[in-house]
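Just the one chain here, the form predicted on its own, laid out as structure tokens.
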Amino acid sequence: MPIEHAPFSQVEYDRRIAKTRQAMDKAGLDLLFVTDPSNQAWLTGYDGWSFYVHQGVLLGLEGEPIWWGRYMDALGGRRTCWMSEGNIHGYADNYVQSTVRHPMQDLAGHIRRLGLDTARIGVEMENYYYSAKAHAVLVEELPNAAIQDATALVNWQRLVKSDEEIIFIRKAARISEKVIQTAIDRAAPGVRKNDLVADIFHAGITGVDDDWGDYPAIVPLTPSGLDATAAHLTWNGAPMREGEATFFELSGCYRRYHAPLCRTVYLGTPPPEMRAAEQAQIEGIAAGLDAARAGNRTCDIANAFLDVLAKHGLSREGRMGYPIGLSYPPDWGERTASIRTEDETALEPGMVFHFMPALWMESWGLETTETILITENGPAEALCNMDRKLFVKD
């Protein structure tokens, strides 16, 4: 695909590859095999719903990356990758879900032809898309290679966003505002949850103005009542009821970039303890944003929020956020730093996090969150423009 049709400029892709190669050199790697579809897209632009079969990117210390996958998906690679067609390879369909051959045998052949069958090769061992079988076959096929774990090597290079990426995240944030507002407006007693989610999907895919919506890496999370005491329930066909809170954990998505946003709706009159928690949460978020400054650490954000909770007689366990940006199912997080008390990742301008200090209590849940950008000076910028409160519909 000509670079002028790619999502980003050649300068941007060159920047990404240079950063990754620096990390490879530091790790002592000659070759990197990337299977995470988010990392594949970040390096090459590849974009397709094909991550259910074996595919990946080979990145050496020089030359263009090589995208490798199923032949029919290599055709998609030609439509979405910025590299020359000679660096997009497809394996035969008889490798797919075969009991007598494995796609890693084909990949090993490419590595041998590159003269790297005795190289130091990094693979993403802790990744959804790199199976134990795949690793075993690759090791068997390349007995003289030093194959080692390079999980999250690319992910860490993605932590600081470029100006081009931030433009995409801001577009996703406008879509996030639309989908959250749709959820709030549509929520009412008697509305079936699946009908409400259908409206959420429609709003997200329609997008805002000329910025069309992509599918988010996580489906809408919309639990009500006791279901909202759990973090990751989706929806059912039950009607919404008076006297229950529903949190909406949603994200707009533009060209695979996300800007997660959560808000909570209560149908009726909220109990006093929920109102008290709302005030503590909002105050804590403000403190967290103030602590989210370049030069501070991710743990400083978490501690600032928890200090406020403690003043209100509340407590919370678990992480309170993670980096976001480009992603594919099943997760829109980047799986690197975390906003939690033991994480000391230094904050730098251009980092983008989902600051997610939700409260899940014994009989209800309260989610109010922000996508935040670490700036050059001052506190973090909340990228979505949405009232930070419990939305009450009498």
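Note that the structure is predicted; figures quoted are calculated from it, not measured. Counting begins at 1, following the sequence as shown.
The protein also exists as the form predicted together with another copy of the chain; that form is not presented, and the subsequent description refers to it.
Visitor: Name the stretch, out of 346-354, 45-53, 27-35, 60-68, where some heavy atom lies within 4.5 Å of another copy of the chain in the model of the complex.
Guide: Selected stretch: 45-53.
Visitor: Just checking whether D117 would be counted as a contact of another copy of the chain in the model of the complex - the rule being heavy atoms within 4.5 angstroms.
Guide: Because no heavy atom of D117 falls inside 4.5 Å of another copy of the chain in the model of the complex, the answer is no.
Visitor: With the cut-off set at 4.5 Å between non-hydrogen atoms, does D93 touch another copy of the chain in the model of the complex?
Guide: Yes, D93 is a contact residue.
Visitor: Would you check, heavy atoms only and a 4.5 Å threshold, whether A198 touches another copy of the chain in the model of the complex?
Guide: Yes, A198 sits close enough to another copy of the chain in the model of the complex that at least one of its heavy atoms falls within 4.5 Å.
Visitor: Might I180 be said to contact another copy of the chain in the model of the complex, defining contact as any heavy atom within 4.5 Å?
Guide: Because no heavy atom of I180 falls inside 4.5 Å of another copy of the chain in the model of the complex, the answer is no.
Visitor: Within 4.5 Å, heavy atoms only, which of T269, Q279, S315, T229 is in contact with another copy of the chain in the model of the complex?
Guide: The residue from T269, Q279, S315, T229 that makes the contact is T229.
Visitor: Select from the listed residues W235, F305, Y257, W82 the one whose heavy atoms reach within 4.5 Å of another copy of the chain in the model of the complex.
Guide: By the 4.5 Å criterion, the partner-contacting residue is W235.
Visitor: Every residue in R16, F248 and N296 with a non-hydrogen atom within 4.5 Å of another copy of the chain in the model of the complex?
Guide: Verified in the model of the complex; spot residues all out of contact, no.
Visitor: Can you name the residues of 155-192 that have a heavy atom within 4.5 Å of another copy of the chain in the model of the complex?
Guide: Contacts from 155-192: just R192.
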